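In the form predicted on its own, a lone chain appears below as structure tokens.
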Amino acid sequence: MEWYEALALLLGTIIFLMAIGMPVALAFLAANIIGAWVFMGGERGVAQLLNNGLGALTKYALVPIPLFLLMGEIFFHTGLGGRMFNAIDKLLGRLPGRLSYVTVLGGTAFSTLSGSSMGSTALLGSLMVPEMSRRGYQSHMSIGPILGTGGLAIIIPPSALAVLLATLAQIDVAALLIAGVVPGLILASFYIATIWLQTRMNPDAAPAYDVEPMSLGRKLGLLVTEVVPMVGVMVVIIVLMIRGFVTPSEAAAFGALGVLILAALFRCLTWESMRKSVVGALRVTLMAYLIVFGSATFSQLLAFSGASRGLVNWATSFDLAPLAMLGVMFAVLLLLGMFMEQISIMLLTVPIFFPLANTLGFDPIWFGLIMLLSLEISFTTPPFGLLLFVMKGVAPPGTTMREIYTSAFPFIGCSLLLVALLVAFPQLALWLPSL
């Protein structure tokens, strides 16, 4: 069987099973079993493939995923996130459009702790949009920053999706996590600049209103008690990884313990909040592990059938410049993001794109961050970006999808600008990992 026939069989089976409603992980598992039967010698091949897949689940690099998820769930269900947002709101005073800034500043901090774009968007949408609508904010000033900031969870550590991508691509987990720090902060600053421009161009988009004056001492007290402890957890995790004192798995454990201690100190840790946190983290962890199992076996089948080698040889035969090929891969990821959720995209593309990136001479950490950014952009790409529908679910009644789409475009532009900067200056991503 030719390589393109093998690739068509594997991908066609997966797409067909997903089209008839089978869950992504199970669709990959079923397609892998069929492929093993065809390419690896029937029943013995299936048994060997399943053994190899189980081996992929025992990797130490997967440990941060449940711990990062647990950390974010505790932060959400105990109410620590709400406390931090309220404090930032009070600290900004009468700044025009301050609730939009609160969304970006507080959302960036929350993204680092949650590691979940959907969780971050749901929290920000339920907390901020009703309040901003009540105060007369136009929809693009309330919905846009939330859609943009929700995507920051993908690239700012700790990011469960970054850990999953690094595991699937077999690259350094800690390096990919740390590589997202500087680009993530740059992206947050782009969002702030966008809000400032919007308020200058149309002051009525975010009407000013009176707030209770606060003394400097009270502001410092709020900063120290309500903001610094939450953000400090993230800072400690990053510093420990940069200095090499801990592995990503150990950093994730310290992070989960730190948020747990904070919840206890603030007296908001209850059995019910812990139950919801553990159940939420367990649900997503099981899905992630099934995905790792399916991806590991899918990669082996692509290699065994000759599909991955044939595809790389075919792609490189066009003699395109490396940056042109990068543009093609980026466009494919954005196109897929309009119709598929991000984990499915990773499963389909990582076994193909990373060997191709290595052939083109791209740094794997840099390319991994570019891929994460493309996934972040596809989260909010109309018409079917996942965060668009999460926002629709938590937005006030009467909010149309058209309003959500138009609110997302300026922040998609910010992300595309960051990608251009990373292509022009790769050290923005590679500087911190090099330390």
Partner chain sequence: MIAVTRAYSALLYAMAVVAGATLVWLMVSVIVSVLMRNLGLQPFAWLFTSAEYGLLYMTMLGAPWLVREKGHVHIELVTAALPARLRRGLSRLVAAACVAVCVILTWKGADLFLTNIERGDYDVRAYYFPRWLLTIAFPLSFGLMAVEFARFVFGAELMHTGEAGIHE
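The term rigid core refers to the maximal set of C-alpha atoms that superpose within 1.5 Å between the two forms. For clarity, every value in this text was computed on a predicted model and none was experimentally measured. Numbering follows the first chain given and starts at 1.
From this point on, the text means the form predicted in complex with its partner chain, which you will not see here.
All three of L54, L62 and A253 touching its partner chain in the predicted complex at 4.5 Å, heavy atom to heavy atom? Result yes, every residue of the spot touches its partner chain.
For M22, is any heavy atom within 4.5 Å of its partner chain in the predicted complex, or not? So M22 counts as contacting its partner chain.
Does at least one non-hydrogen atom of S133 fall within 4.5 angstroms of its partner chain in the predicted complex? So S133 does not count as contacting its partner chain.
Heavy atom of W366 within 4.5 Å of its partner chain in the predicted complex: Flag for W366 set to no.
Is the gap between V394 and its partner chain in the predicted complex 4.5 Å or less for some heavy atom pair? No, no contact at 4.5 Å.
Looking at L67, L372, L387, A408 here, can you tell me which has any non-hydrogen atom within 4.5 angstroms of its partner chain in the predicted complex? That would be L67.
Just give me the single entry in L323, M287, L220, L185 that has a non-hydrogen atom within 4.5 angstroms of its partner chain in the predicted complex. Partner contact (heavy atom, 4.5 Å) among the options: M287.
Which of these stretches, 326-334, 88-96, 200-208, 257-265, has heavy atoms within 4.5 Å of its partner chain in the predicted complex? Stretch 257-265 is the one.
For S249, does the CA position differ by 2 Å or more between this form and the one not shown when the superposition is done on the rigid core? After core superposition, the displacement of the S249 C-alpha between this form and the one not shown reaches the 2 Å mark, so yes.
If the two forms are fitted on the core, does L369 show a Cα displacement reaching 2 angstroms between this form and the one not shown? No, shifts by less than 2 Å.
Aligning on the core only, does the CA of H140 end up 2 angstroms or more away between this form and the one not shown? No, because once the rigid core is superposed, the C-alpha of H140 moves less than 2 Å between this form and the one not shown.
CA-CA separation of S407 and E73, closer or farther in the predicted complex than in the form shown [shift of 3 angstroms or more]: Note: Cα gap between E73 and S407 shrinks in the predicted complex.
Assuming the CA distance changes by 3 angstroms or more, are E250 and P364 closer together or farther apart in the predicted complex compared with the shown structure? Farther: E250 and P364 separate by 3 Å or more in the predicted complex.
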